[in-house]
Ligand code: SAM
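Shown next as structure tokens: one chain only, the form predicted on its own.
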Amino acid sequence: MMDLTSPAVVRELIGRYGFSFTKSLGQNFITSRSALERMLDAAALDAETGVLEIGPGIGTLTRELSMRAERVAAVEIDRALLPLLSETLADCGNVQVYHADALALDLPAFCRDALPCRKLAVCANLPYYITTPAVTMLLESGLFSQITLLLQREAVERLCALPGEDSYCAVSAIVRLFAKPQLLFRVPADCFIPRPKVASAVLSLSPLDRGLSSEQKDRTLAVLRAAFAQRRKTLLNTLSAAELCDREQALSAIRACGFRDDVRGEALRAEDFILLAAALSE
């Protein structure tokens, strides 16, 4: 069994297949056994869990997932990696690799067909360039009991940010609307091939059940996104500009929630957006 965390093994493998890294796809293969094991322990997988992995690369994480989960569906966009994965995952009978753009998937239908398991989770060394849309898609789906991601450290800090912090933004609020985020540990740049220019970190997202209907969820997301569309403007201005309501309705809802007239979206928590969306619907 080849050790895919060994830099020498990785270089031999990609050299033998003539593989070239595509910078635009954010391809960085992890070579730290300890970081990999800590990430897997945090994912808390069991034999009844189906795992979605986005961006398996050469299968380093995938092999480990196969030993802990019931099934693994690995979605890889780079066709050039498929021959390598056929070799590295040849003995992993519970793994299926799909050549697809993860962001274009009909996620409920895909998971229903590829992962017919009692529980669903996500564990991935996520390509950095799709961080925001991928995290948003995964959380909004409501399909997963746990999401564990290896990401750029700055991205993890942004996803975990709180109101009032400089990095707090729309995706920070969206994350907290759907989950409890936690930066688990940092991973240095020298733990990857090729070495990225920035440090990485492992993020845990534990989904929350806020008891929102589909309509309430959509309304809350619309209000939240409108609030951050023009970051330095007041909530009163951003809501009316987004045509979700007129200024009088916006002001009435803001006051009904107990907020100041000049409050900005960056000051509100996820819970505040739920209250505001409900006030606007009355």
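All values reported here derive from a predicted model rather than from experimental measurement. All residue numbers refer to positions in the sequence shown, first residue = 1.
Keep in mind that the form predicted in complex with this ligand is not shown, yet the notes after this line are about it.
J.: Taking 4.5 angstroms as the heavy atom distance cut-off, pick the stretch from 173-181, 206-214, 121-129, 138-146 that is near this ligand in the predicted bound form.
T.: Result for this chain: 121-129.
J.: Checking a candidate spot here: are 49, 73 and 91 all in contact with this ligand in the predicted bound form (at least one heavy atom each within 4.5 Å)?
T.: No, none of the three is in contact.
J.: Can residue 28 be called a contact residue for this ligand in the predicted bound form at 4.5 Å between heavy atoms?
T.: Contact with this ligand, yes.
J.: Using 4.5 Å between non-hydrogen atoms, is residue 77 touching this ligand in the predicted bound form?
T.: Yes, residue 77 sits close enough to this ligand in the predicted bound form that at least one of its heavy atoms falls within 4.5 Å.
J.: In the predicted bound form, is there a heavy atom of this ligand that lies within 4.5 Å of any heavy atom of residue 250, even though the partner is absent here?
T.: Residue 250: no contact with this ligand in the predicted bound form.
J.: Hey, in the predicted bound form, does residue 60 get a heavy atom within 4.5 angstroms of this ligand?
T.: Because a heavy atom of residue 60 falls inside 4.5 Å of this ligand in the predicted bound form, the answer is yes.
J.: Consider the chain as shown here, without its partner, and state which of 113, 101, 166, 190 has a heavy atom within 4.5 Å of this ligand in the predicted bound form.
T.: Selected option: 101.
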